[in-house]
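Next up is one chain by itself, shown in structure tokens, the form predicted alone.
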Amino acid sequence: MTVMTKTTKTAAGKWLRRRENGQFEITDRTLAVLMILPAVILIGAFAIYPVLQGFAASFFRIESATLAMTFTGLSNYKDLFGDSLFWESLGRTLVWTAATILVQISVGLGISLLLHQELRGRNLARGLVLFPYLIPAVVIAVTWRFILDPTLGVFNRTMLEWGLIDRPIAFLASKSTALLFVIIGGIWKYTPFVVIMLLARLQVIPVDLEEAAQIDGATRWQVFRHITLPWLMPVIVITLLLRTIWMFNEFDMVYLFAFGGPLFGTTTLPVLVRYLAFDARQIGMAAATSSVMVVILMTMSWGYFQFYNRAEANLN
């Protein structure tokens, strides 16, 4: 009995402590739990619960009109993996994700290094570089559709005047070029995010390290290779992780450019989920597609965290 009382007091002491006047006050541990509790509730309600609900729905055939559910086991996954449209959409999603994030990282790194230099008008340039990222995706998609319009678009008119083409080309109506311009639009919009992340990291690189390297006779490339890049690498990996998740799940930019066409030529997995749920009325298969996307992203995220740990170890 004495042991139980002592244990109870010890456990309670982690959450409350008695002040000198006899009143109780919360401990730092209790305060930390109370501070993080609202975020945990919101994440659970708006992130974890929908994912679990979607995963559960993937095992049912759901009638779109009545939402009546019939358990079908793994049949949705079997039908999904046997559908060529799923594999084509997965391939386009990987191409879209890889192409956009690689160019974003490359161009963003160059711009951030440039804006880190002592240049006239640097602050103005830093503000202007954020402009594409602040524009809503629907505005960008409508603007690009107008630019690429075969009749009124400035892109076709310019190419005609320069003699590069003989007649206007409907770029977004061609399966061979539609995805290319969707990728270009995605790069234009989201590169500023990479610039923000890398430029912030560049501001905290110890100046004495670079000055010591220059005094020792290191070239600019050697300073970048052995000092700047290792300091940037952890942030580059985190940026790659965020951009991979967001580009893999991107719906607005892809769908609004060509609405998944022509002939499913710009249909990525998020667009496929929309098609299965609302056009094909196969809600169970749409849920299965979403579940597969979650598994793919979790696997990618695990790989990125391994690279991040390695980058931090190399920096230390």
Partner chain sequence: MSRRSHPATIFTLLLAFIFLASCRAVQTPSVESTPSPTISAPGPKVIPFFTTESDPNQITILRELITEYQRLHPDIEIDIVLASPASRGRRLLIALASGADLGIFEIEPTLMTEWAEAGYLLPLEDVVDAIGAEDYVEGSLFESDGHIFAVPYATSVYSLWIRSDLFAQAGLSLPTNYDEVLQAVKTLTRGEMYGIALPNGQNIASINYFSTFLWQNGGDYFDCRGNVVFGEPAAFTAVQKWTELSQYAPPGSTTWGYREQIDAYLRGRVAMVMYAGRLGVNIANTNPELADKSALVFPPWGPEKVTLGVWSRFAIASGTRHQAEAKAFLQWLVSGDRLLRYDMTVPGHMIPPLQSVQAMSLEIESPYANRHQVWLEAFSRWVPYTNHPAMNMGSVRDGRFVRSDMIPPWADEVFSTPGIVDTMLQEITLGSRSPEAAWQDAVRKMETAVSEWKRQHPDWQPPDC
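The structure presented is a predicted model; accordingly, all values stated were derived computationally and were not measured. Numbering follows the first chain given and starts at 1.
Just so you know, the form predicted together with its partner chain exists too; it's not on screen, but the next bit is about it.
Q) Just one of L152, I135, V107, L94 has a heavy atom within 4.5 angstroms of its partner chain in the predicted complex, so which one? A) If I apply the 4.5 Å criterion carefully, the residue I get is L152.
- Query: When its partner chain is placed as it is in the predicted complex, which of 211-219, 182-190, 99-107, 162-170 ends up with heavy atoms within 4.5 Å of it?
  - Reply: Checking each option against the 4.5 Å cut-off leaves 162-170.
- request: Look up in the predicted complex whether L52 has a non-hydrogen atom within 4.5 angstroms of its partner chain, and give yes or no.
  value: Close contact exists here: in the predicted complex, L52 approaches its partner chain to within 4.5 Å, heavy atoms only.
Exercise: S64 in contact with its partner chain in the predicted complex, heavy atom 4.5 Å:
Heavy-atom contact with its partner chain at 4.5 Å: present for S64.
Find out whether any non-hydrogen atom of L34 is located within 4.5 angstroms of its partner chain in the predicted complex, and reply yes or no.
-> Because no heavy atom of L34 falls inside 4.5 Å of its partner chain in the predicted complex, the answer is no.
I'd like to know whether I26 contacts its partner chain in the predicted complex, with contact meaning heavy atoms within 4.5 angstroms. Residue-level check for I26: no, no contact with its partner chain.
What are the residues of 253-285, in order along the chain, with a heavy atom within 4.5 Å of its partner chain in the predicted complex?
Heavy-atom contacts within 4.5 Å come from G261, P262, L263, F264, R274, Y275, F278, D279, R281.
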